[in-house]
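Given next, in structure tokens, is a single chain: the form predicted on its own.
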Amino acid sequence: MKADFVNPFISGLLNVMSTMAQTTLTPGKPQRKQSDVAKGDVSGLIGMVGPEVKGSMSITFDEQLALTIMERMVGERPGKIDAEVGDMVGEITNMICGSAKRELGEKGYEFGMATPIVVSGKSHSISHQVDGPKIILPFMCDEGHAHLEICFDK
């Protein structure tokens, strides 16, 4: 997977987190992901399909980071991951993908976005449903970790 294809998702995540949740994430080293087990407690997953490309993206948050983001976005901190936190993660997933879609569209990659799905729980799985390499990118901040996964058939 080419960096010019991955970078719009990274910049989308960093921008959404800083503008919407006043949270600065520090990127770690990207790796190939071999399993479907998530590296956090709540994940948003979105599919993308276009004439030349098919793929999916997920963002997973540690519980404490998800609760902190919720607090920063709406002013209230839930005690645990609930339906409202799930809705927020789905919306963040949509915003990240939408940002990447705009940037990739300028490079000639057109695709439509599905409605995000949200999965939560310890050791939940993320099924990308695409034949292609899965790249996982860790992000850190004082409140916890986030993991961005990108999988495309290109």
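Values in this document were obtained by computation on a predicted structure and should not be read as measured data. Note that residue numbering begins at 1 and tracks the sequence as displayed.
There is another form of the same protein, the form predicted in complex with a further copy of the same chain; it is not shown, and what comes next is about it.
Peer 1: Do M113 and a further copy of the same chain come within 4.5 Å of each other in the model of the complex, heavy atoms counted?
Peer 2: Looking in the model of the complex, residue contacts with a further copy of the same chain include M113, since a heavy atom lies within 4.5 Å.
Peer 1: Verify the contact flag for M48: yes if a non-hydrogen atom of it lies within 4.5 Å of a non-hydrogen atom of a further copy of the same chain in the model of the complex, no if not.
Peer 2: M48: yes, in contact with a further copy of the same chain in the model of the complex.
Peer 1: Within 4.5 Å, heavy atoms only: does I117 come near a further copy of the same chain in the model of the complex?
Peer 2: Because a heavy atom of I117 falls inside 4.5 Å of a further copy of the same chain in the model of the complex, the answer is yes.
Peer 1: Is D4 close to a further copy of the same chain in the model of the complex, meaning a heavy atom pair under 4.5 Å apart or at it?
Peer 2: Contact check for D4: no, nothing within 4.5 Å of a further copy of the same chain in the model of the complex.
Peer 1: Please state whether all three residues G86, G121 and D153 have a non-hydrogen atom within 4.5 angstroms of a further copy of the same chain in the model of the complex.
Peer 2: All of them do, each having a heavy atom within 4.5 Å of the partner.
Peer 1: So if I measure heavy atom distances to a further copy of the same chain in the model of the complex, which of the stretches 64-72, 23-31, 121-129, 102-110 falls within 4.5 Å?
Peer 2: Answer to the contact question: 121-129.
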